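A lone chain, given as structure tokens: the form predicted alone.
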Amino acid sequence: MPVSPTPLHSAAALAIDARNVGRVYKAKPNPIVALDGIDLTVRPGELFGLLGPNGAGKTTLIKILTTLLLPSSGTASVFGFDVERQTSQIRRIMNIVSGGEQSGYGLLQVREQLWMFSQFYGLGVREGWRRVDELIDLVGLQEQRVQKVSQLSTGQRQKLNFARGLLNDPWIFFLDEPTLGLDVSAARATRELTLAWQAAVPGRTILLTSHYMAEVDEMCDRLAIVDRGRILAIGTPAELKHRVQSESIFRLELDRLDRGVGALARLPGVISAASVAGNDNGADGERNTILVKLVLVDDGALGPVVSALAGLDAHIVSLQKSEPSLEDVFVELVGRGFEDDLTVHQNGTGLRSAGSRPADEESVAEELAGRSR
């Protein structure tokens, strides 16, 4: 039966507590190290992201936390329940949706498909139908409720997957690259659905894996950057970006600056001020505006600069702050960007190709539902 998140969320248990978790797959000629000493804590109510390229170990970690795979070393718990010894308790309070997973049986209608899973999760007949209709409305499949699963679009299939994942009202929701293969509109709908579900009840927790920078930046309270089975950094998106760029950088467009950029460079809090190539020129070849790159110790130094410009009789035409991206952070940490092609590291760690998914992951939903009864 679905369980309310309230009782356990009032306790001191972490939503996720992983200590030195490792996972090694036996393979020839060398074992494959998928996870190499992962330490991770997630608080109840967080939307936590794992950002990394395909094959970084994100899915392996999720499979351990959802009791589908045993760790080779270390310990992990979900809301205080041990992933090795208390699997049935964990399966009653969690669910998982993966990008690109099968939506079920094509001959069944949407409503029939969800009701079947409600029985796997142990709901009574009347409660199952009530919950199914409630979730169909929640995910926006009202018009497709009696449509066969095989006739759904890719985006509609993922909405169906979300409804299936919420049938047992989980305390923690694992989303493994949920927007993989979706178009822009469907991906946006998936993100909005995720955020709305979490916001509806305090304490709901989400662990999201992705290799899409903007998705993690937009959604996550905190995130970990993962590569080759290791966590390289953990923090809020803003904290991680601060690792790359501690100062504040602005691009100023001014109508005039008679005393030159040197007048700005001497102001308190200004690290440097330099004219930027590409200033606009009028038809007669005379400059119309002045572009300046301004590097400040922090955002607070911008106020005195604006006041000084007014004293110099210079007016701001436009002002734009230069922000580092999470990709800048990743490249800073590992010295390379994301790789989509299959790569085999010298230490024996394999990366799967973009969009591929191990065959055993296609039946994750059925396995979890069947074992939670």
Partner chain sequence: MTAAKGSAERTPSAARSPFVYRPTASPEEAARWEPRRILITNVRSIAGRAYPRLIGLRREPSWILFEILLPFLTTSAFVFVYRALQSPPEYIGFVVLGGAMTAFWMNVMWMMAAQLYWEKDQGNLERYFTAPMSMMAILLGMAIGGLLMSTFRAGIVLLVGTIVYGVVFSVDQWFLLLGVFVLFLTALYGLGMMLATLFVLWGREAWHLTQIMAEPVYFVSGLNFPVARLGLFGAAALGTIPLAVGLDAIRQLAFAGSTNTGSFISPEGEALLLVAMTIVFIGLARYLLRIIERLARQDGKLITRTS
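These figures come from a predicted structure and were not determined experimentally. Positions refer to the first chain, counted from 1.
This next part talks about the form predicted in complex with the partner chain, which is not shown.
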The partner chain in the model of the complex: contacting segment from 223-231, 83-91, 182-190, 289-297, heavy atom within 4.5 Å: 83-91
Name the single residue among 111, 256, 241, 251 that comes within 4.5 Å of the partner chain in the model of the complex, judging by heavy atoms. 111
Only one of 68, 326, 34, 309 comes within 4.5 Å of the partner chain in the model of the complex by heavy atoms, so just point that one out. 68
Residue-level contact is defined here as any heavy atom of the residue lying within 4.5 Å of the partner chain in the model of the complex; does residue 141 satisfy this criterion? no
Is residue 159 close to the partner chain in the model of the complex, meaning a heavy atom pair under 4.5 Å apart or at it? no
So in the model of the complex, does any heavy atom of residue 126 sit within 4.5 Å of the partner chain? yes
For residue 210, is any heavy atom within 4.5 Å of the partner chain in the model of the complex, or not? no
Just to make sure I understand: among 101-119, which residues lie within 4.5 Å of the partner chain in the model of the complex, judging by heavy atoms? 101, 102, 103, 104, 105, 107, 108, 109, 111, 112, 115, 116, 117, 119
